[in-house]
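Next up: a single chain in structure tokens, the form predicted alone.
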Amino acid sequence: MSEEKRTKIILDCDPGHDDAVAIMLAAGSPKIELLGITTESGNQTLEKTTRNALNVLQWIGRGDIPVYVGCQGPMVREKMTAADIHGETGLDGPVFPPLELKPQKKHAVQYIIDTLMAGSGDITMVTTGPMTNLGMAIRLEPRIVEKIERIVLMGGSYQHGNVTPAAEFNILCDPEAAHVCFSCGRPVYMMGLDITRQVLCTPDVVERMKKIDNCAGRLFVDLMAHFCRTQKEIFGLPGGPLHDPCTLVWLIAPDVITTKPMYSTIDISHGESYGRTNCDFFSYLHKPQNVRVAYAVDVDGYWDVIEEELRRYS
């Protein structure tokens, strides 16, 4: 029997506690071929998110995965961060050894363009932060669009936001970039708050992962100690919603997350609903359905995938 084909991805992120878990899944799963990581500002400043990505890779022994530094801020709006959730470093909680890894010299946007143009149309773009790098790459070199197999993002919500009543953080960080990506014509899969609010990292989940007792399991527990505390303090949640790994869980085990095609746009009006993902859930508008929006998740199956992937590390 031939070996199962691995999904080639570029992971565009802004680590961030939940991004760190997504990195561990992407770097360790035999179903994923992680070509490279690109960083941008979001959960914290660009310098800090880049350092966090490198720290995670060094911790799990995957210094072979290249990291490319991207955009300092969004296309149009002022820069925002989530220090109240992720702390001063953007990855408060774990204590990492001295960092020896360094990022690549090529800019992340140019890396995305070069990698996609050299590919055969089989690369998935996974974004777990603001969509600035990908949006800029599409604007700079429109020919890459036909080279993108699909875009899988954590962001948005067809219901309520988490920064404003209308908008989710990743999209609100750069609505214009999200607009470019949502309207580019390639398949888009949106893993939004509608499902991530269902996968809460409650104390029993932390205890379950604590039993793994390898580098990935220990990092997960250290990450969640801070992340779950701030989520409870700010949102009153019994556990931290593990947002970003939803993208990888869907790629690894698509049956765990259910999606529905919807006509979806980004509000770039700069009004009260700026950054909202307007998703026509009932197809009332009878417009082309350009985004598959996640709306249901097998919670037990989700945590089974997380545990299985973390156990792959030593």
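Numbering starts at 1 and runs along the sequence shown. These numbers come from a predicted model, not from an experiment.
From this point on, the text means the form predicted together with ligand BDR, which you will not see here.
Taking 128, 162 and 243 as a possible spot, do all three reach ligand BDR in the predicted complex with a heavy atom inside 4.5 Å?
Contact check passed for all of 128, 162 and 243.
Are any of the heavy atoms in residue 209 no more than 4.5 Å from a heavy atom of ligand BDR in the predicted complex?
Residue 209: no, not in contact with ligand BDR in the predicted complex.
My question is simply whether residue 138 lines the interface with ligand BDR in the predicted complex - judged by any non-hydrogen atom within 4.5 Å.
Looking in the predicted complex, residue contacts with ligand BDR do not include residue 138, since no heavy atom lies within 4.5 Å.
Mark residue 148 yes when one of its heavy atoms lies within 4.5 Å of a heavy atom of ligand BDR in the predicted complex, and no otherwise.
Flag for residue 148 set to no.
With heavy atoms only and a cut-off of 4.5 Å, decide whether residue 133 touches ligand BDR in the predicted complex.
Because no heavy atom of residue 133 falls inside 4.5 Å of ligand BDR in the predicted complex, the answer is no.
Exactly one stretch in 168 to 176, 98 to 106, 198 to 206, 68 to 76 has heavy atoms within 4.5 Å of ligand BDR in the predicted complex; which is it?
Among the candidates, contact is made by 168 to 176.
Quick one: of 144, 193, 181, 216, which gets a non-hydrogen atom within 4.5 angstroms of ligand BDR in the predicted complex?
Flagged contact: 193.
Can you work out which of 52, 39, 43, 247 has a heavy atom no more than 4.5 Å from ligand BDR in the predicted complex?
Among 52, 39, 43, 247, a heavy atom within 4.5 Å of ligand BDR in the predicted complex occurs only for 43.
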